[in-house]
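What follows is a single chain, given as structure tokens, in the form predicted alone.
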Amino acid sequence: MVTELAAEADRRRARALIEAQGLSFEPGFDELVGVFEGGRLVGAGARQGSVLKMLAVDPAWQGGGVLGELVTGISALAFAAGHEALFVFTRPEHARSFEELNFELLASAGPAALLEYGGGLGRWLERHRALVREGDNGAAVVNCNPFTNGHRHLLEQAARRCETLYVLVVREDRSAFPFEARLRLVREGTRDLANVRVLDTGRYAISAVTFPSYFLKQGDDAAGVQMELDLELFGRRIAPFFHARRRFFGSEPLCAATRAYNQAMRRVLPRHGVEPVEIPRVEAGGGPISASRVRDALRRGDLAALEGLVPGCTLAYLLSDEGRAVRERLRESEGRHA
């Protein structure tokens, strides 16, 4: 029977069990649960949102039903919390154990594998089937925090190079501008581009926020693994569905993390028959246009500095009551990606 571990002594035992299996204990979770046999903790695991993590079984009980009991118990808690599909990030050599529990392998890269229970990716793809057109298509994955003239330039140039361009807006709401606003601005800002189709990434753009690193070995590059896993998922499952033969992205003179991601695209995507295409970033006011420049101007309250940086739809949003609320939050925050 799976038991939620609330007592500090039980949590310490769970941590010891997890670390004994070569895993790191990550404090951030919604629930931590365990399986006891004769008063002994023989299995432990946790849930953070829709991600099951830190699943560990005492070696003396491995190969039995403890892992299945853990997964069933944590999954019930996740479903009760409203999650329809669940994810596990683990080492590739452990993927088969989860496949036997009806998880589907979505992608594998180096020391990491991603599996899903509940068929969420299939449902997400089917919801967009009406948008699918065969042909020489392309894709771009964007955050647009907020939508700028730089994003417009990227998507306009990309649209000219393919029959249908699929623009996937990152759903994860970790940006200053809420997802619904970002999606709306991209749609408004590309409405005149007849071959552009705008949709959201669902849960299928893996970010550093959702990617747990508890199973990685010391010395592994967690950020690099996360990027490669994200791109493997895109190349293996998403690009073929939309017949996307190219993925477009802007050059990155400012952010080292984005430059590293661009380099990862050049390594990973050709393995799946997807050509990475870099579009030179457009400039205005003596420097490259970026969402961070826009956010910095908003923090300063300098609306005049937005001239040439954002299209009319974004400016109108920023001047609205909804946009003013975002501007106020930005003035109270710090950091490039906030």
Partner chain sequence: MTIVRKAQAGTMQSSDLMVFLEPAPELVIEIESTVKAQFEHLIRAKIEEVLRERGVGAGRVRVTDRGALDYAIQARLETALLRAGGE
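Since the model is a prediction, treat every value here as computed from it, not as a measurement. Positions refer to the first chain, counted from 1.
One more form of this protein exists, namely the form predicted together with its partner chain; it is left out here, but the text below deals with it.
- Here the marked residues 65, 84 and 117 all reach its partner chain in the predicted complex, each with a heavy atom within 4.5 angstroms.
- Only one of 195, 258, 102, 251 comes within 4.5 Å of its partner chain in the predicted complex through a heavy atom, and that residue is 102.
- When you look in the predicted complex, the only residue of 216, 71, 159, 95 with a non-hydrogen atom within 4.5 Å of its partner chain is 71.
- In summary, the region of this chain contacting its partner chain in the predicted complex, judged by heavy atoms within 4.5 Å and restricted to 233-241, 170-178, 118-126, 207-215, corresponds to 118-126.
- Remark: residue 131 does not count among the residues lining its partner chain in the predicted complex, judged by a heavy atom distance of 4.5 Å or less.
- Its partner chain in the predicted complex is not approached by residue 201, whose heavy atoms all lie more than 4.5 angstroms from it.
- Proximity of residue 75 to its partner chain in the predicted complex falls within the 4.5 Å heavy atom cutoff.
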